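We begin with a single chain expressed as structure tokens, specifically the form predicted alone.
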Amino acid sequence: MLPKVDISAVQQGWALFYPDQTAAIGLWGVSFATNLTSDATGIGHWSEEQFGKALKEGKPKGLDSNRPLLPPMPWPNYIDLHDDDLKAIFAFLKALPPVDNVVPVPLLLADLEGK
């Protein structure tokens, strides 16, 4: 659950980030951090290629047909990531204990108005 948000700053062009970096609010609306654990609700079924496409091209679930990843994921920071580093990160994340956590879909900014 998000706390009550004053979206007047967002309407002036500012972005807001939840203190634990799991949610971001901007003119695009509200978006949430992805589950990066090995669970099926996270990256459990992702291939290394999908993971690389997500990190280096900003494609959710590594699918070309998806919209760009939204904040709080700073995917442009990983465009030049070396393939060996990408493989190491993917292997590390896949080795983490699975956490069943279905992440909410992004919300429109209008969904916050009046809350």
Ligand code: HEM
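Nothing here was measured: the structure is a model prediction, and the numbers come from that model. Residue numbers run from 1 along the displayed sequence.
If you look for the form predicted together with this ligand, you will not find it shown, but the lines that follow are about it.
Asker: In the predicted bound form, is there a heavy atom of this ligand that lies within 4.5 Å of any heavy atom of P72, even though the partner is absent here?
Answerer: Because a heavy atom of P72 falls inside 4.5 Å of this ligand in the predicted bound form, the answer is yes.
Asker: Answer for H82 alone: is it within 4.5 Å of this ligand in the predicted bound form, judged on heavy atom distances?
Answerer: Result no; H82 lies far from this ligand in the predicted bound form.
Asker: Should T34 be counted as a contact of this ligand in the predicted bound form, where contact means heavy atoms within 4.5 Å?
Answerer: So T34 counts as contacting this ligand.
Asker: Is P60 one of the residues lying within 4.5 Å of this ligand in the predicted bound form, judged by heavy atom distances?
Answerer: Yes - in the predicted bound form, heavy atoms of P60 and this ligand come within 4.5 Å of each other.
Asker: In the predicted bound form, do V5, W14 and L109 all reach within 4.5 Å of this ligand through at least one heavy atom apiece?
Answerer: The answer is no; none of V5, W14 and L109 reaches this ligand.
Asker: Counting only heavy atoms, which residues in 1 to 15 are within 4.5 Å of this ligand in the predicted bound form?
Answerer: The stretch does not touch the partner at all.
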